[in-house]
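As a starting point, one isolated chain is supplied in structure tokens, in the form predicted alone.
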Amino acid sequence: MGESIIELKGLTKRYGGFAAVDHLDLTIDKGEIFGLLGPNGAGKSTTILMMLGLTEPTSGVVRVCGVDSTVNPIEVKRRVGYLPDDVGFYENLSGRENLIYTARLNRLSQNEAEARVDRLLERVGLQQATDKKVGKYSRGMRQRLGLADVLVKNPEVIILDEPTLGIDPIGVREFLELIVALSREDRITVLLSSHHLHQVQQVCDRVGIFVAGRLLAEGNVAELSHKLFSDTEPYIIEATLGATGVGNGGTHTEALKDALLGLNHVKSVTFDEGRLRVGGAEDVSADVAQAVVNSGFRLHSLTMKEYGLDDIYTKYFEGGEVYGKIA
């Protein structure tokens, strides 16, 4: 169990009879990258605002870096950096001048500000554009500058709201690599709110799925996959087989099916023109491979299908049955 840096208990925000956030319980550890997923209006932004002390909860507790955001929002802001989807800078100033201005606002001396800003510009890959006016920056450059801007005050937590919108694929990859480096090397906790499931799966240690103000589920992809597909087939093994080398192939096929269905945790077996699909409640790859060989077939390939975040996300929105089961 890690060191908790964000703790939400029974967190609720109501506007009249509407619950924007409904009894949210969530703990995020130091150095973790946590992804917030959900459609517009799910409660992600309201949750972030309460974490930052920018809006008060109707009930519940929100603690960030050990500080109650409702009681002492200024202290939270000192220790948390926030990067919105569109960062505002002084367009007629250079990237370096913008960052030095931010550093001075955070009470760094001129010498400290200049030294820290130069280090950050190098870290985010903007050392060649330090004196370029921000009005001439590309979208990707602005987001990297925004990341440097939130790092000026050495935050313990950074919150990123759709940080890769409008960035080209190479820029997205570089930005995500920066996020991972900050988490792994500096143990900065990252809260990433995004609609891009593939990007979230690439970098996040855990994700939380928000719908209608409620956290339906949270965990890593493997945990969510097992929970969500446990009543069906959480593990799918696919194999390509060669001929048995003997006659009466149909009999061999039936014998293989019977052998596989006799294995513990196997739920289904289908075989079609040399392609085998085995659905199970556990990973039985080794047993499947052994059964294939014992049945006289050649095993050309064997792979485990892994449910991705897109599969999980889609499953949560298939209807009320899943919602009621998980919620």
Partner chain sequence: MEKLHNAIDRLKTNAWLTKTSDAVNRLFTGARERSANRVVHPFWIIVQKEISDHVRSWRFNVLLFLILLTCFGSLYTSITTLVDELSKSKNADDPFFFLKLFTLSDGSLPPFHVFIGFLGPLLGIGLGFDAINSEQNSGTLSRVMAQPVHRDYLINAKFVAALTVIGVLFFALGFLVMGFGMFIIGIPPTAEEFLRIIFFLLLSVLYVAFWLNLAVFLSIRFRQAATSALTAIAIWLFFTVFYQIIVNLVARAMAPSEMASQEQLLGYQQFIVNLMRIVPSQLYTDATTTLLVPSVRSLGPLTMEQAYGAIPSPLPLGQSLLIVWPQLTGLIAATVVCFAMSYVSFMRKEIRSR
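On a predicted model such as this, the values are computed, not experimentally measured, just so you know. Numbering follows the first chain given and starts at 1.
Keep in mind the form predicted in complex with the partner chain is missing from the figure; the text below concerns it.
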Since only the chain is shown here, I'm wondering whether R96 would be in contact with the partner chain in the predicted bound form (any heavy atom pair within 4.5 Å). no
Contact of Q128 with the partner chain in the predicted bound form (heavy atom, 4.5 Å): no
Contact label in the predicted bound form: R78 to the partner chain, heavy atom within 4.5 Å: yes
Does D86 reach the partner chain in the predicted bound form if we count a contact as any heavy atom within 4.5 Å? yes
Picking from 190-198, 106-114, 208-216, 167-175, which part of the chain touches the partner chain in the predicted bound form when contact means heavy atoms within 4.5 Å? 106-114
The unique member of V269, L49, V292, A281 whose heavy atoms fall within 4.5 Å of the partner chain in the predicted bound form: L49
Find the only residue in T253, T102, S183, Q202 having a heavy atom within 4.5 Å of the partner chain in the predicted bound form. T102
Go through 39-74 residue by residue and record those having a heavy atom within 4.5 Å of the partner chain in the predicted bound form; state none if no residue qualifies. S45, T46, L49, L54, T55, I74
